[in-house]
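Next up: a single chain in structure tokens, the form predicted alone.
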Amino acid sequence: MESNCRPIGIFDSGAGGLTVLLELLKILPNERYIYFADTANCPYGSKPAQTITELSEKITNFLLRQQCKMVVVACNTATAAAIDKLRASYRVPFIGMEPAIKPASQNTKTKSIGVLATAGTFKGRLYIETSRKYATDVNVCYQVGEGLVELVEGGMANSPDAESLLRKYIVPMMDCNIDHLVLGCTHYPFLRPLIEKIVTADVTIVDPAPAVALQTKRVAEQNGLTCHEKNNTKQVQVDFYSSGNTYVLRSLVENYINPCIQVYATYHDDVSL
């Protein structure tokens, strides 16, 4: 296989990175993809940074053994904890999740934005530096979305429990007069239908996944890694691996990805790192 047609690797603590994968499939349909969900260790949000870095290195080693040409860290918490170490330790390009505070801060009219993310994301260098650079004159209402990842991973993204928890987190932000709500975890776009029920029509929900996909395309082009072999089928090949089970992955691929982009999927459970 030509080096530029090797697969793009993607990993997350669980199914959240599928929101990034969908955007990648839209703009890079000729690529092959390998997705790793660390379901056995999910969630990452409250874990120590050192633990997340060690897990990220193990997953990266697995993806490189599968001949991945670049790696998308489709997890805000893993990006915050490990992206600097990964870039220093490996020769392939890495794309991480950029906290979408910049567009929210630049476009706010009320000078007040909300950020819903994990505890690990808020502690990360990227979040802190981006906030200092772009949000110094903006009121940032931030909230740790404790319990939300578990609901998505449990197949309960549209449940009354999820709506109740989201109201608990978002209503105080609305009281701060926010007009942008940044989703700081790749799991949270699965909760978007419920979020849209809670926020008012003048609140813009900011999902960084499309921007991350565009950055992946740019990096691939800059490094000569774009696959130019045209995919003449109607399906994109994606191999899914999980350190636990792939039940939620299968369900979300069927109901979230396939209605937009048909994938030819293989699933591998209980993968040892």
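Predicted model, so just to flag it, every value in this text is computed and none were measured. Residue indices: 1-based, along the sequence shown.
Missing here is the form predicted together with D-glutamic acid; even so, the following discussion is about that form.
Residues of just one listed stretch (40-48, 233-241, 26-34, 216-224) have heavy atoms within 4.5 Å of D-glutamic acid in the predicted bound form: 40-48. Using a 4.5 Å cutoff between non-hydrogen atoms, A81 does not count as a contact of D-glutamic acid in the predicted bound form. In the predicted bound form, D-glutamic acid lies within 4.5 Å of some heavy atom of C185. Residue contact check for I101: none of its heavy atoms lie within 4.5 Å of D-glutamic acid in the predicted bound form. At a distance threshold of 4.5 angstroms between non-hydrogen atoms, V149 is in contact with D-glutamic acid in the predicted bound form.
Within 4.5 angstroms of D-glutamic acid in the predicted bound form, the stretch 100-127 places a non-hydrogen atom from each of T118, T121, taken in sequence order.
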